[in-house]
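Next up: a single chain in structure tokens, the form predicted alone.
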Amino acid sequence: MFASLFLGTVHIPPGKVLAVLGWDFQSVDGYIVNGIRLPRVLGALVGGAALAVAGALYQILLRNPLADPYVLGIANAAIFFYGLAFLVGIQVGLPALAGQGVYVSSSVMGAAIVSALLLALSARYGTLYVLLFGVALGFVFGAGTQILIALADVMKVGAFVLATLGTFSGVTWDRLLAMSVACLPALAAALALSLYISPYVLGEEHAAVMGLNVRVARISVIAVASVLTATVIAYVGVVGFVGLVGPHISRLLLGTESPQRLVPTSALTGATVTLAADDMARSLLPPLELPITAVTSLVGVPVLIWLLTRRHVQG
């Protein structure tokens, strides 16, 4: 976190960063550190923790380490519903349809719809086919988002195009507060859920025998994971593969599938990976800033391929 505050197109010596950190908003260096870099760093930590925990919950629910909001198409659905609310609100000219709260609610609805659909498909066809269905749905909603981008270009709404790119560059203190208000309670709920759904790792039938209300567990996991995924997307755009990489790193560190250990550790690994990826996104080709998904994909795709080949060998 402190190292990230030193990075940027404007060079500020580490000593100066520490001298102005937290109180100086008047000087140029103070505003850059406290008004631009600090909320961005904190936003990456909150967003990364949220996405990784959402990925861990989906993986526990589907009992598949390949599950991830990005791979399953849930992220694409969330940004598509966000775009619908965004463009309809502007086109119709209704202030009630042109607020960030509506955008977040629309994203959550899109994520929840696809999550519930995938869960229903998993009960009918098995978790292996869920990944295929998720990838297919991701392409469908991705195509829908491209159409919305084309419409936004016609309507001269460049803000929506920027919203679809995953970047923490637009995180201000106000946006950080709004994102945290939704994500932090959801993260707390995920920690509580990790204790409740522990029997789920052995399968639904075993969990039901042990007294777990499977239906309540499903709905709770979908609701919490959808809020986490959609909130981050509504504020910073699509950030891919964090939900896959974060939980997987946690498994390597812990050597266990236990939800009560996997979920909190995923929050830490997801926050770390996202912050490191954001640092790379703004440092690799200065002053050009890369979309963060372009960086996370460089790590996420090899991990995904490794997991797929590992499952094939084990099968």
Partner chain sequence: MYRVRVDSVEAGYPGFRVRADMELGEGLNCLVGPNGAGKSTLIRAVVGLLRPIRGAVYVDGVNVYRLSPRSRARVLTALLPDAPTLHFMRAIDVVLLGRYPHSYLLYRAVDEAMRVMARLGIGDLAERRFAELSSGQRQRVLIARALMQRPRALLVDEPTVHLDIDAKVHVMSMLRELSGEMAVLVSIHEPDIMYRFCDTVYLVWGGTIRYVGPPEEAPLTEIYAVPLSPAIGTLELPAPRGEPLLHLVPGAGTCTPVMRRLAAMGVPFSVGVAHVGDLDHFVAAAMGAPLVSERPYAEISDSALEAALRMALRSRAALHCGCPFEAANSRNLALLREAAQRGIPVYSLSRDPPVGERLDAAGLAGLVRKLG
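For clarity, every value in this text was computed on a predicted model and none was experimentally measured. Residue numbers count along the first chain shown, from 1.
The same protein also has a form predicted in complex with the partner chain, omitted here; what follows describes it.
Picking from 111-119, 203-211, 222-230, 132-140, which part of the chain touches the partner chain in the model of the complex when contact means heavy atoms within 4.5 Å? Flagged stretch: 203-211.
Contact between Ser198 and the partner chain in the model of the complex at 4.5 Å, heavy atoms? Yes, Ser198 sits close enough to the partner chain in the model of the complex that at least one of its heavy atoms falls within 4.5 Å.
Asp279 versus the partner chain, in the model of the complex: is there a non-hydrogen atom within 4.5 Å? So Asp279 does not count as contacting the partner chain.
Contact label in the model of the complex: Ser258 to the partner chain, heavy atom within 4.5 Å: Yes.
Can Leu252 be called a contact residue for the partner chain in the model of the complex at 4.5 Å between heavy atoms? Contact check for Leu252: yes, within 4.5 Å of the partner chain in the model of the complex.
Using a 4.5 Å cut-off on heavy atoms, which residues of 58-76 contact the partner chain in the model of the complex? If the 4.5 Å heavy-atom criterion is applied to the partner chain in the model of the complex, 58-76 yields only Arg63.
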